[in-house]
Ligand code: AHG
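Just one chain follows, in the form predicted alone, and it is written as structure tokens.
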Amino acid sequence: MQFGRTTLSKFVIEQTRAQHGELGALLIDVAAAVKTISAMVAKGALAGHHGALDSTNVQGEVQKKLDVLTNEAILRHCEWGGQLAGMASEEMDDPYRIPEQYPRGRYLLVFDPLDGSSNSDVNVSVGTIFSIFARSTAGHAELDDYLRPGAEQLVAGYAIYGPSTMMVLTLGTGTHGFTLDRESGNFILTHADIRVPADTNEFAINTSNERFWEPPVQRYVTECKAGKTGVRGTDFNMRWIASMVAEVHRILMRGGIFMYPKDSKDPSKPGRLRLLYEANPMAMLIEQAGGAASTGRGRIVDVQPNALHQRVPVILGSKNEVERLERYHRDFDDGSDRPFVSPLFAERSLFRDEPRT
């Protein structure tokens, strides 16, 4: 490390002086957990961490060994410091109560310990997503304490474990990226005040679900795929990594739009991504970088949670593209969407000409 460069510890201490150091201390504990997880992921099959367990999480998803190990790493690194009233994780059915032998603070930490863990077996980038809220008083947190809209987040961030390990976070004053210097063990500020371009020609979506999408999303993607010959008049590139951290990181670095929209594949799930520990933190990071994050029908951070593991549609990234998709949803909902001839379906439109009743 070169002397004089800003470390994550220095940055968070300077940014959290008003909280008397408690929030900064919590973030330093989170960073320590990220370093531990980074080492686990880097060892991969050498440590026997790959493969699935005979268990599922509360969402019914098969747990990987790394899901459980990384969840445990965050709990152990963060439970003892006295800043937390409780924690909640994708891998736990219920909120985690701070053990009685440790002091309790007023902050709440919610997290996805290893986003994209299904990619770990094939050596594709994975990550950790986290978010911090505050209670008015210290003490054990109850379930209702966690059911807060994302607009009340104090901190949001993620770590990405790729060719280098990075932490990207916001404390409400811009989005900033830190790269782990393995020689010194410090995270160094390498991407200050990240900005997402307002325009883009790159989109990310799982097109295998196209038949389940709502018409506004079908309209948008069809127009993008039509390229210069279509109404957009420009060629678009499509990306899909199946790791939200990797998708969002690419958007923060060079722009783009990421979509995991509402679909009809499973009517019991209005969306695929979890609101509290996936959608909300990423929405805050993107908005603080000048982008936009929406369900298609409103800001993600304005959604009032009603369950710990609630799912929502997610559309985020370059502001002008997100706003276009919101407009398409409004047009569809009020029946004013204009008919168009899809280049994929020459004989019928994706939208009806007749007024809706």
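This is a predicted model, so every value here is computed, not measured. Quick note: we count residues from 1 along the sequence shown, nothing fancier.
The following text describes the form predicted in complex with the named molecule, which does not appear among the structures shown.
*Asks:* Report yes if all three of Asp112, Ala242 and Leu273 come within 4.5 Å of the named molecule in the model of the complex by some heavy atom, otherwise no.
*Replies:* Yes, each of Asp112, Ala242 and Leu273 comes within 4.5 Å of the named molecule in the model of the complex.
*Asks:* Test of understanding: in the model of the complex, would Gly116 fall inside 4.5 Å of the named molecule by heavy atoms?
*Replies:* Taking the distances in the model of the complex, the answer for Gly116 is yes, it comes within 4.5 Å of the named molecule.
*Asks:* Any chance Glu90 has a heavy atom within 4.5 Å of the named molecule in the model of the complex?
*Replies:* The answer is yes: Glu90 has a heavy atom within 4.5 Å of the named molecule.
*Asks:* Using 4.5 Å between non-hydrogen atoms, is Ser164 touching the named molecule in the model of the complex?
*Replies:* So Ser164 does not count as contacting the named molecule.
*Asks:* Does any heavy atom of Asn206 come within 4.5 Å of a heavy atom of the named molecule in the model of the complex?
*Replies:* Asn206 belongs to the contact set for the named molecule.
*Asks:* Which of 273-281, 223-231, 76-84, 185-193 has heavy atoms within 4.5 Å of the named molecule in the model of the complex?
*Replies:* Checking each option against the 4.5 Å cut-off leaves 273-281.
*Asks:* Can you work out which of Phe133, Trp213, Tyr260, Tyr158 has a heavy atom no more than 4.5 Å from the named molecule in the model of the complex?
*Replies:* Selected residue: Tyr260.
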